[in-house]
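The chain that follows stands alone, in the form predicted on its own, written as structure tokens.
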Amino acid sequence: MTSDQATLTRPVSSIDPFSDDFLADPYPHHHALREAGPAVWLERYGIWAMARHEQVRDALTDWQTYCSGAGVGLSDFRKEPPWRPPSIILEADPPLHTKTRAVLNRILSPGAIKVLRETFDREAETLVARLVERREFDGVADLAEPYPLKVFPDAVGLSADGRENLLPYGNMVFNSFGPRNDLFNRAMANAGPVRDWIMSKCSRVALAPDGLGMQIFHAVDSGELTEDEAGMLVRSFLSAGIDTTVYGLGNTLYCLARHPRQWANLRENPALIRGAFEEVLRFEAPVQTFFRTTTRDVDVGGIRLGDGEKVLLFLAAANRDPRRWENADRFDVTRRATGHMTFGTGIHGCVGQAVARLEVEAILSQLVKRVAAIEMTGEPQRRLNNTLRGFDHLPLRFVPA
């Protein structure tokens, strides 16, 4: 088949999913991509995109056809060197992934999460009480950032010094999944010192004896991992476990401030808290996209994808696919939002999702008790990122209960 014929039989789009316009308001573009077809050729980057729920879910569950080992960003690790050694959990396929995932699954088991609950609840209570007293504050700088930056590094066993490097590092990681655009260049401006600090925190000697990080090193002692692999898994904790929760918490506050009736619902029925966070994850996904790379020719709804092609999976577009969700563009805390793609699914489903849920539920439980209304006091400011969606500033007021 000539390339002209191939173009005629496949949907083609000139949309740039990494432009500021797209990132500031992705939803109309998501709609266009979903309606264009089950797979769409993005001519600007020479890659495929999938935006419908069924295709995104199927690609995420079929790791044999859609691999992660060539990188989960735009860049193909088989053709160009990555800016940092690839993650041996996120950017790995079985058998390596099977080994590293088993260790993390054990360390983040339901029993282990239960142990964290008391501390997370106590920290949430202290922080929310302080903000209720203040009344007006920035939802990002005063809540969404400081809470995860305290409880999660504490749980990992990270010392308190230098934690201001964690957010810039996460910003580097998530912007690096896109093209080498302005967002990437700005994120990388101070890469050297930040990366050096992170690496210095991933060794056995840097970690507290009773934290999650040291438990990873216990897997070295039992022969499951090498010392280097353990360090890289600690690094994965620090790169994937902070920003995603910061954005998720900010988006939660934003949704509840924007939809006061839903906040009232939640206060009347606190049993909805867990489901309400799932609805935030569906409706305003903190993680918008991830890439996979095909390992063979594959047919997607009658469209032929070749071997070795990059595929951009629009998790957030799948989350609002009307083929899957009724009133998909409506925020509703009573909805059963299970099946959203924000944490991924299949063998690469987010390994730390239980920790993120625990953090947000701890905060929401305190808010439901102490806050009658969450009000926006000014225009929120977006923080653009090639992969994540969230806020830089979120001016809020808590009306005490």
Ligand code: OVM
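Predicted, not measured: the structure shown is a model, and the values here were computed from it. Residues carry their position along the shown sequence, with the first being 1.
One more form of this protein exists, namely the form predicted together with 3-methoxybenzoic acid (OVM); it is left out here, but the text below deals with it.
Undergrad: Identify, from the list 99, 84, 150, 204, the residue with a heavy atom within 4.5 Å of 3-methoxybenzoic acid (OVM) in the model of the complex.
TA: The residue in contact is 84.
Undergrad: If you check 239, 75, 262, 165 against 3-methoxybenzoic acid (OVM) in the model of the complex, which one has a heavy atom within 4.5 Å?
TA: In short, 239.
Undergrad: Although the partner isn't part of this model, could you tell me whether residue 174 comes within 4.5 Å of 3-methoxybenzoic acid (OVM) in the model of the complex, counting any heavy atom of the residue?
TA: Heavy-atom contact with 3-methoxybenzoic acid (OVM) at 4.5 Å: present for residue 174.
Undergrad: State yes or no: in the model of the complex, is some non-hydrogen atom of residue 290 no more than 4.5 angstroms from a non-hydrogen atom of 3-methoxybenzoic acid (OVM)?
TA: Residue 290: contacts 3-methoxybenzoic acid (OVM) in the model of the complex.
Undergrad: Can any non-hydrogen atom of residue 89 be found within 4.5 angstroms of 3-methoxybenzoic acid (OVM) in the model of the complex?
TA: Because a heavy atom of residue 89 falls inside 4.5 Å of 3-methoxybenzoic acid (OVM) in the model of the complex, the answer is yes.
Undergrad: Spot the stretch among 137 to 145, 218 to 226, 186 to 194, 166 to 174 with residues whose non-hydrogen atoms come within 4.5 Å of 3-methoxybenzoic acid (OVM) in the model of the complex.
TA: Flagged stretch: 166 to 174.
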